[in-house]
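Here we start with a single chain on its own, the form predicted alone, put down as structure tokens.
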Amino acid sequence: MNNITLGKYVPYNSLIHKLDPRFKIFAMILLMVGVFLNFASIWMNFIVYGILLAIIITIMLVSHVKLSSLFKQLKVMWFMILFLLIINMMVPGNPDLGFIQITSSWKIYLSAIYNTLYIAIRLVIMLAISLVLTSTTTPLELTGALEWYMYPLKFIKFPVHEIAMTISLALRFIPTILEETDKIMKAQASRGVDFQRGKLKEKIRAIISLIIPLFISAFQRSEDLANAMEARGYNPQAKRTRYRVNKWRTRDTISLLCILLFFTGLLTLVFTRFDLVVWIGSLCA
């Protein structure tokens, strides 16, 4: 459980931390859309993915988000990536990209490896983007930004504030639940419960011994929180003010122009079908 760092805010005084949370959510959406754009060729896709990954790693370094946090999140992905690779190898691929002849009736198409790399790189980039957002933005700021984006829905009587409050509480209790899970696992391990080894039946019993106390603890925390909010006179229908109000500053405008310019460049590459490898080859010829 200590490997799970997604959702934990890391307090620093970096430039990324100071940016408006509304901009950070908008930038995250644009970058994630850019990940799924299809460019002129396979190599062009990998070049753009490499540029995206380099930009995100630079942002992580500027915002003091440790790369080890990203690597910890990737540990749970290796089995899925290996499974996808096996599935892609069993399915006939594109023969134009080449293949490896294993037996007389079995070929491993290189397109299977390319497709698996596509999925793996996209997952890494999206995970890194989400990690930067949650590490540099407090749950309260995220809630305020989401509520600001959903404000037009108020005109159709959509419960914007209630939804935003629910999201805020969910984000707030993710680290708490993870810490509680770690404590319960250590307590059960001290009583002889083995979560790593044993037969399937024994592992199911071990998981049950973890889930039941965790659910009881979560419900107890929910009840305590509801009682505390009720005792303080919380009314979701009443007009509320904020102690800290998000202010759009010059740095947010400059950052917005940069991300829009970058995304426009990606769209230009998609629609013009520009291929850097072919262009360099034509220059060399």
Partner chain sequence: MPITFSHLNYVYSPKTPLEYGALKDINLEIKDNSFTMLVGHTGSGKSTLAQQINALLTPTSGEVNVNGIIVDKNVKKLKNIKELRKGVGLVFQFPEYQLFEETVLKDVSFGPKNFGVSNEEAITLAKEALNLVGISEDLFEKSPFELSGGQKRRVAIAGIITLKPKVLILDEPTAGLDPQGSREMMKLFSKIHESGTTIIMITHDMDNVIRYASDVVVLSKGEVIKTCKPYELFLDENVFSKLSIEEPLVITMAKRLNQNGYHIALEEVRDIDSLAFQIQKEKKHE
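Keep in mind that what you see is a predicted model, and the values were worked out from it rather than measured. In this text, rigid core is short for the largest set of C-alphas that superpose within 1.5 Å between two forms. Numbering follows the first chain given and starts at 1.
Keep in mind the form predicted together with its partner chain is missing from the figure; the text below concerns it.
J.: To test your reading of this chain, name the stretch in 164-172, 114-122, 205-213, 144-152 whose heavy atoms come within 4.5 Å of its partner chain in the model of the complex.
T.: Stretch with heavy atoms near the partner: 205-213.
J.: Check each of I16, V10, L266, L276 and return the one that places a heavy atom within 4.5 angstroms of its partner chain in the model of the complex.
T.: Checking each option against its partner chain in the model of the complex, the one that comes within 4.5 Å is V10.
J.: Is it the case that Q73, even though its partner is missing from this view, gets within 4.5 Å of its partner chain in the model of the complex, heavy atoms only?
T.: Because no heavy atom of Q73 falls inside 4.5 Å of its partner chain in the model of the complex, the answer is no.
J.: Is there a heavy atom of Q188 no more than 4.5 Å from a heavy atom of its partner chain in the model of the complex?
T.: Yes, Q188 sits close enough to its partner chain in the model of the complex that at least one of its heavy atoms falls within 4.5 Å.
J.: Given that the partner is absent here, does I184 sit within 4.5 Å of its partner chain in the model of the complex, heavy atoms only?
T.: Close contact exists here: in the model of the complex, I184 approaches its partner chain to within 4.5 Å, heavy atoms only.
J.: I want to check A128: does it shift between the shown form and the other one by 2 Å or more at the Cα, with the core superposed?
T.: It does not, since the A128 C-alpha is displaced less than 2 Å between the shown form and the other one after the core fit.
J.: Given a superposition on the rigid core, I'd like a yes or no on whether K154 shifts its C-alpha by 2 Å or more between the shown form and the other one.
T.: For K154, whose C-alpha is compared between the shown form and the other one after core superposition, the shift is less than 2 Å.
J.: Would you tell me if P139 moves between the shown form and the other one by 2 Å or more at its C-alpha, with the rigid core held superposed?
T.: No.
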